[in-house]
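Shown here is one chain on its own, the form predicted alone, set out as structure tokens.
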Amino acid sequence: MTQEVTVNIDGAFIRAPKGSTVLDAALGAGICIPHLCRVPYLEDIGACRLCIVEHIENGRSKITTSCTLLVQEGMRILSNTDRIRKLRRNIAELLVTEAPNSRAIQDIALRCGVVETRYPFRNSDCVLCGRCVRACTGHFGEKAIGFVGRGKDRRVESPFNLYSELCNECGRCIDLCPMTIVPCDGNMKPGEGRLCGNCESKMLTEEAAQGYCIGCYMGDGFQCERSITNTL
């Protein structure tokens, strides 16, 4: 029998399997914590930082990624405070200005309240979410691609930037890449990056029920298990 623990997330007492993550518990209870790099069957690494929450322990608040934080009996989590929303919005703003040619990232930015950007658009083809790397090394046991370099030089490559014989051409890395989901109006040319705003009307309900899953289509681009498409 699976052992369960009780956690307090935003004032709601939730029963969750011991060993599961706070993000799993929240999503299972219909509490929306935006996320991008998470893939349900792969090990979470907290790369995108969008799923940050406040973990209140001994009267002190610690900000951490909910996808890497395991549930514990009696733990208290705040996922939708002004502090968290501000930090999350800034992360989403950086992501969408880095890669506006991704519907998944455009949707995440809107879901996090980004209505304007303070940074120049870059039209990058990778945001280092690590989904492809983890699918290659974590799910299939191969290591055909991986992270290379540090800081601004960090990137995803095959060993020595050469075609790897370890690759079985399964295509899973492509399927999981948020950059393969183009905006509804098509790709934006360099210098024309912008917030598309096509889904703003879908967020009207969210404003009235802030922090709770509204059963939208916004998770399609990054395979959120609570998106309407995935629950039909």
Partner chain sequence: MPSPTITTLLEGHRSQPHQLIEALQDVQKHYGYISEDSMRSISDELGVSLMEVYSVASFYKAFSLQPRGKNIIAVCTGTACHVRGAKMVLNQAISQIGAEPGEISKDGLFTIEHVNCLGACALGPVVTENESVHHHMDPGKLRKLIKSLKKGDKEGASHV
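Numbering follows the first chain given and starts at 1. The shown structure was predicted, so the numbers you read here are calculated from the model rather than taken from an experiment.
Only in words, not in the display: the form predicted together with its partner chain, which the text now covers.
- Residue-level contacts in the predicted complex: of 144, 91, 132, 114, one residue has a heavy atom within 4.5 Å of its partner chain, and it is 144.
- For the candidate set 185, 57, 43, 165, a heavy atom within 4.5 Å of its partner chain in the predicted complex is found for exactly one residue, namely 165.
- Among heavy atoms of residue 157, some come within 4.5 Å of its partner chain in the predicted complex.
- For the chain shown alone, residue 120 is not a contact residue for its partner chain in the predicted complex, no non-hydrogen atom being within 4.5 angstroms.
- In the predicted complex, its partner chain stays beyond 4.5 Å of every heavy atom belonging to residue 152.
- Within this chain, residue 148 lines the site of its partner chain in the predicted complex, having a heavy atom no more than 4.5 Å away.
- Residues with any non-hydrogen atom within 4.5 angstroms of its partner chain in the predicted complex fall in just one of 82-90, 123-131, 100-108, 157-165: 157-165.
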